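Only one chain comes next, encoded as structure tokens, the form predicted on its own.
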Amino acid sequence: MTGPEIDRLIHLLARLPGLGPRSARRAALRLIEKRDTLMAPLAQAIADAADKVKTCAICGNFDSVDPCAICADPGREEAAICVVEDVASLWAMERSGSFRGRYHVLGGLLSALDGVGPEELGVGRLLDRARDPGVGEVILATPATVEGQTTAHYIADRLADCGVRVSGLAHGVPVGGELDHLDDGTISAAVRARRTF
């Protein structure tokens, strides 16, 4: 039904998160229909990003400058480093506006099955940063999954002799969450992390 160029476009779009084959076909069709106003600018933006976006040598964030804008910002709090799994998690923290310190992007989580060990995650770089006298706290913001918690416990153990406070994000009932819609693990975590009013 379609030529190889369209098939390739659909195949590549289907590899993006959240897009299956049907969504990829719809997106490809829209791009082709809006070739001048959508496809050409998108192709240029992708080419520019591929050419100019770098990984920050300090924290692991993506930016067109190195160090990234967050690491170069003199208004950021130097005393706290927030450890996140990936850049998507860093962007989520930034969207919330709740953290004004520095970050450390692991680039994954410990996983024996996938062959991901501490060396692949740059834990040594994190330890070097945590030993800086200006750092007082490392916040472990890994996901509440088996791999996320295993990674957090490993990092906490390694940070024990660095002289910094090690904390983690609270887990439990989300704002606006109703108990009957939550899984048992979330409710259990919320009960364990309860606080005084």
Partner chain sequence: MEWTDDAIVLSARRHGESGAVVHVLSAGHGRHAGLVHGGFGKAHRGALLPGNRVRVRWRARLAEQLGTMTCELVDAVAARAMDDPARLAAVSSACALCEATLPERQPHGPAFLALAALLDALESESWPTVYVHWELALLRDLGYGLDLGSCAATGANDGLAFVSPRSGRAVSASAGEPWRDKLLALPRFLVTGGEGDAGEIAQGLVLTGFFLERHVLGPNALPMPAARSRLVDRLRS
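Everything numeric in this text was worked out from a predicted model, so none of it was measured. Numbering follows the first chain given and starts at 1.
The discussion below concerns the form predicted together with its partner chain, not included here.
Between the options Ala144, Val65, Ala49, Ala27, the residue in contact with its partner chain in the model of the complex by a heavy atom within 4.5 angstroms is Ala144. Among Lys34, His153, Arg131, Arg165, the residue placing a heavy atom within 4.5 Å of its partner chain in the model of the complex is His153. The closest heavy atom approach of Asp157 to its partner chain in the model of the complex falls within 4.5 Å. Mapping the unseen interface onto this chain, Glu178 falls outside it, with no heavy atom inside 4.5 Å of its partner chain in the model of the complex. Using a 4.5 Å cutoff between non-hydrogen atoms, Ser23 does not count as a contact of its partner chain in the model of the complex. In the model of the complex, no heavy atom of Glu77 sits within 4.5 Å of its partner chain.
Residues of just one listed stretch (109-117, 69-77, 90-98, 122-130) have heavy atoms within 4.5 Å of its partner chain in the model of the complex: 109-117.
In the model of the complex, Pro17, Gly18 are the residues of 11-32 with at least one heavy atom within 4.5 Å of its partner chain, listed from first to last.
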